[in-house]
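Okay, here we've got a single chain as structure tokens, the form predicted alone, with questions on binding and movement later.
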């Protein structure tokens, strides 16, 4: 355990240094992170204003609050390693990682943490700017705000495990673009990105309740905004824990099977 802690300290420090060298790439990623929710925010505000002041219980200020909080949650839960795993396996870079005494997942976890902490220097000012411009309306309670932190931690853990599980498809195919895009399209519809789940048809909401995507994004947002009662919050935490357990078990099994058939195409 002490060796693992030391490893994380060193890897996070190294990741800070490496990622800070790619300022243009970081700026592009940050623009994408901010731009998407802002577009939906503007669209839904316009719809609400043209529909008598609200849509499905969301006022223009309510939509502003939803998408601003969603932007923060998206940053804290995002994972991109499925785009890199294909290259690591095809190029043969994974061979070197497999020879190390520490599981390769820990390197990706440390890089993920470093990126999220580093980009807070942009996310925080961007959030404050959007708050000033769009004047969000938040009617929440103290208990919901306090529970937001454990909810976001569990959401980030779930998103990472599921994302890494998807990435392991690269052990069976040298092209994972279609798999990755299907994953993000599913999240787009079932995690509350395109619209708050409350505004979607009943059958989509029922499907979203059964899939892990809602518990990665929509649940922490709904909790922070005070749109859940204590029972619904407890059900949400239970769903997060259950999905984390299932994802962890599936990841361990898929990793074992994948490593057994691993063969670098290049390198």
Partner chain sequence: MVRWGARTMRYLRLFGLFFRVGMLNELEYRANFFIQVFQTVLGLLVSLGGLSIIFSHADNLGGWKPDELLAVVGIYFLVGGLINLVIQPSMQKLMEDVRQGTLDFLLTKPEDAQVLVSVRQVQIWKLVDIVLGLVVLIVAGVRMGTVITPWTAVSFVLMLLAGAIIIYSFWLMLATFTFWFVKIDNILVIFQSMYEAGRWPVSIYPAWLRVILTFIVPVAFAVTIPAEAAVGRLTPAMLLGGLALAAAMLIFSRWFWRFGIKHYSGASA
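Residue numbers count along the first chain shown, from 1. Only a predicted model underlies this, so the values are computations on that prediction, with no experimental measurement involved.
Same protein, other form: the form predicted together with the partner chain, not shown, and the subject of what follows.
For the marked spot (105, 232 and 243), a heavy atom within 4.5 Å of the partner chain in the predicted bound form is absent from each of the three residues. At a distance threshold of 4.5 angstroms between non-hydrogen atoms, residue 118 is out of contact with the partner chain in the predicted bound form. The partner chain is not drawn, but in the predicted bound form it has no heavy atom within 4.5 Å of residue 100. Mapping the unseen interface onto this chain, residue 40 counts among the residues with a heavy atom inside 4.5 Å of the partner chain in the predicted bound form. In the predicted bound form, the partner chain sits beyond 4.5 Å of every heavy atom of residue 213. Only one segment in the set 88-96, 181-189, 71-79, 146-154 has residues whose heavy atoms sit within 4.5 Å of the partner chain in the predicted bound form; it is 181-189. Distance criterion of 4.5 Å from any heavy atom to the partner chain in the predicted bound form singles out 47 from the list 47, 207, 239, 228. Using a 4.5 Å cut-off on any heavy atom, the residues of 133-148 that reach the partner chain in the predicted bound form are, in sequence order, 133, 134.
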